[in-house]
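The chain that follows stands alone, in the form predicted on its own, written as C-alpha cells.
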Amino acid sequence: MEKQIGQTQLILKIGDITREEVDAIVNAANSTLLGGGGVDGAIHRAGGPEILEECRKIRDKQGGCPTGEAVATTAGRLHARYVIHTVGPVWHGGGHDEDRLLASCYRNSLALASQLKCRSVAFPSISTGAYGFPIERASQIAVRTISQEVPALDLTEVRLVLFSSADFEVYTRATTRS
C-alpha cells in the first residue's frame, strides 16, 4: 500500500526490515543499546559487530538511550547507510505516557534521519512485540506522527515494514483512516 504525503511516499509492506535498501533502517531498540530479541536482535545479527561496537561507544558516552529518543550508528552489513535506534515504551495500560513516548520515537527518528541527510527510511512496528503496545493504537500513532512530520522534512520515502499480513492489515486500516 502507498500513500502520498506532500513530497514523501509512505509505503506499507510485509517483509524483513534487515533486507530493506534505504538510507536508514530504524531499530526498535532497548535502552541499553546492546541488542536484544525481535527486530533489535535481527538487525544486530544481520548488520554485524560494527553496529554493537558503535552502540557501546554511545552507551559509554551517554549511558544508553532513553525511551522516545533516537541515536544513529553505522548499518554495518545492512543495505543502508545508518541504523537509527529508538526505544519504544513498554505498555503499562495506557496511563503512563505511552502514546506520547511512542510518537516521540517516530518524530525523533525522522528528525535524526533528516539531520543525517537521509532520503529514505524504513520503520518496524515499534513497541508492538515484546513491549506489548496494542498494535491498533500503535499503528494510528505511527501513521499520524509520520503524516504530521514528513511535510517539513526532505524525505522521499518512508516505509513501514510489517512482520505479518495481520500487522499489515492493521496498519493499512490506520493509513486509510488518516
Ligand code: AR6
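Just count from 1 along the sequence shown to find any residue number. Keep in mind that this is a model prediction, so the values were computed, not measured.
Here the subject shifts to the form predicted in complex with the named molecule, a form of this protein not shown in this document.
Check your understanding: in the predicted complex, does each residue in the set D23, T73 and T156 place a non-hydrogen atom within 4.5 angstroms of the named molecule?
Key -> Negative, none of the three is within 4.5 Å.
Exercise for review: Given that the partner is absent here, state which listed stretch (64-72, 144-152, 28-36, 108-116) has heavy atoms within 4.5 Å of the named molecule in the predicted complex.
Suggested key: One stretch meets the cut-off, namely 28-36.
Practice item. Verify the contact flag for L52: yes if a non-hydrogen atom of it lies within 4.5 Å of a non-hydrogen atom of the named molecule in the predicted complex, no if not. Key: Answer no; every heavy atom of L52 is more than 4.5 Å from the named molecule in the predicted complex.
**Study point:** Residue contact check: P134 to the named molecule in the predicted complex, 4.5 Å heavy atom
**Key:** Outside the cut-off, so no.
Practice item. With heavy atoms only and a cut-off of 4.5 Å, decide whether I58 touches the named molecule in the predicted complex. Key: No, I58 is distant from the partner.
Point to revise | Exercise: S139 in contact with the named molecule in the predicted complex, heavy atom 4.5 Å | key: No, S139 stays farther than 4.5 Å from the named molecule in the predicted complex.
Point to revise | in the predicted complex, residues of 149-170 near the named molecule [heavy atom within 4.5 Å] | key: Residues within 4.5 Å: V161, F163, D167.
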